[in-house]
Structures are given as structure tokens and as C-alpha cells.
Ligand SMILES: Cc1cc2nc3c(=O)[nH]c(=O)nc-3n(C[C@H](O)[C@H](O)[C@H](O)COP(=O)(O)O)c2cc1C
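To begin, one chain is listed below as C-alpha cells, in the form predicted alone.
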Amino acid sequence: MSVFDLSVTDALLSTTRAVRKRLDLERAVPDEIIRDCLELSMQAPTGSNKQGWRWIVVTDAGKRESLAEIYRKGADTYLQDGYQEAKAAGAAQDVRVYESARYLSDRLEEVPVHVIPCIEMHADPADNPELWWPSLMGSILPAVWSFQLALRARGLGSTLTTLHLNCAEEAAALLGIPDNIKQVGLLPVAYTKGTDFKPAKRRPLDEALHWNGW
């Protein structure tokens, strides 16, 4: 017998969306809520229990504006090209995704909290990339998802973006990030406009499932 209410747990897992257009840009986010969600994220599993997570929380308006400029430098060509390709292909869902991403890019500095998840690098991934990159990401992405779930449970939304990493060195210089710390994304965080998120339309499980071999 489960010790959890499965209906609540399943709803949380299936309705934690990538939120962009429904981020409330006018409502302040208390620092304590961010701290509470990050405390929960640090219960996530981590490779060899090294606990190499590092979190940079940016609420300063000037630094958010600078991060938004860096983000747009890394994102705008990609988003514009992707939007045009999706539109030409008649891929309506992809068009909506790109429109949403462009909306966020245009307003990123207005999002009250930017969170940059990072991981401490204990070795050079170039020495064994097939092992080290999965190991590094496997040690931080579970914590990122836990953070996003904790936000959702408190009425906040986020989306894991990576396009500012095209200019990661500029962000590192802005925020004083040491050389041995790897940025893995940027999460814009805010309260959401409403909380009535629904499960997304996904491909059938059997199209992605392989059992006991490919």
C-alpha cells in the first residue's frame, strides 16, 4: 500500500509544465520560497554522493537584464530559424512552442527570479566523454527536476532553458562563476497565472518503449 496519495503525486508529475507565457511578471517571489525549493532539490540523487550541485539565484534587476541580453545573443537566431522551419512545415504544435520561447526571450529580464543550476566538475569530461557527460548531467538534472516539482507544488512555474550556454563565458564573467563550475541551464522562475495546468499530449508509450532489448 502506498504511503502517498497517488492521485496528488501523479497530478504533480504529469502537470509540471515548461511555463513561459503564464509566468506572472508582476508578482514578487519571496526569497524563502526559493530557498525551500532548493533545500528539497538537494535531496535528489547524485553521482558517487559528491553533492556537487551549485545554484546561482539572480534577483538583482541589473544582472537579470544583463543575463537576458546574453540569453538573446545565444537564442534569437536559433528561435527565429526554428519558428520559420516549423511554420513552413505546418507543424502547429512546434510553432506554438517556438512562439512561447520567443515570448520568454523577449521578456526574460522581467521574470523576477533567474536560477542557474551548476555542477562542480571533478574531472575533465574530454578524457572520457561517453562516461563523464552522462555522469555530470545525471548528478544535477534530477535536482533540477525536483526543484521544478517543488515550485509547481507552491504555485510557481519554471522552464529549463539552455540557450544562454551559447554565451556561457559571458554569464560566468557576469556572475563570477569559477572555471571548475559548469552551468547546465537557466530557469526563469515566477508565480504562474493560474494553476490549472494539464497533462501534455505525448506519443504513446509503446512507440518509445523497448523491453529486454531494442
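Remember, it's a predicted structure, so these values are computed and weren't measured experimentally. A residue's number is simply how far along the shown sequence it sits, counting from 1.
Below, we turn to the form predicted in complex with the ligand, even though it does not appear here.
Screening 56-64, 157-165, 41-49, 171-179 for residues having heavy atoms within 4.5 Å of the ligand in the predicted bound form returns a single hit, 157-165. When contacts are judged by a 4.5 Å heavy atom cut-off, residue 17 counts as touching the ligand in the predicted bound form.
By the criterion of a heavy atom within 4.5 Å, residue 143 is excluded from the residues contacting the ligand in the predicted bound form. The ligand in the predicted bound form is approached by residue 97, whose closest heavy atom lies within 4.5 angstroms of it. The ligand in the predicted bound form comes within 4.5 Å of no heavy atom belonging to residue 136. With the partner omitted here, the residue from 101, 119, 116, 111 that has a non-hydrogen atom within 4.5 angstroms of the ligand in the predicted bound form is 101. Along 183-214, a non-hydrogen atom within 4.5 Å of the ligand in the predicted bound form is carried by 200, 202, in order along the sequence.
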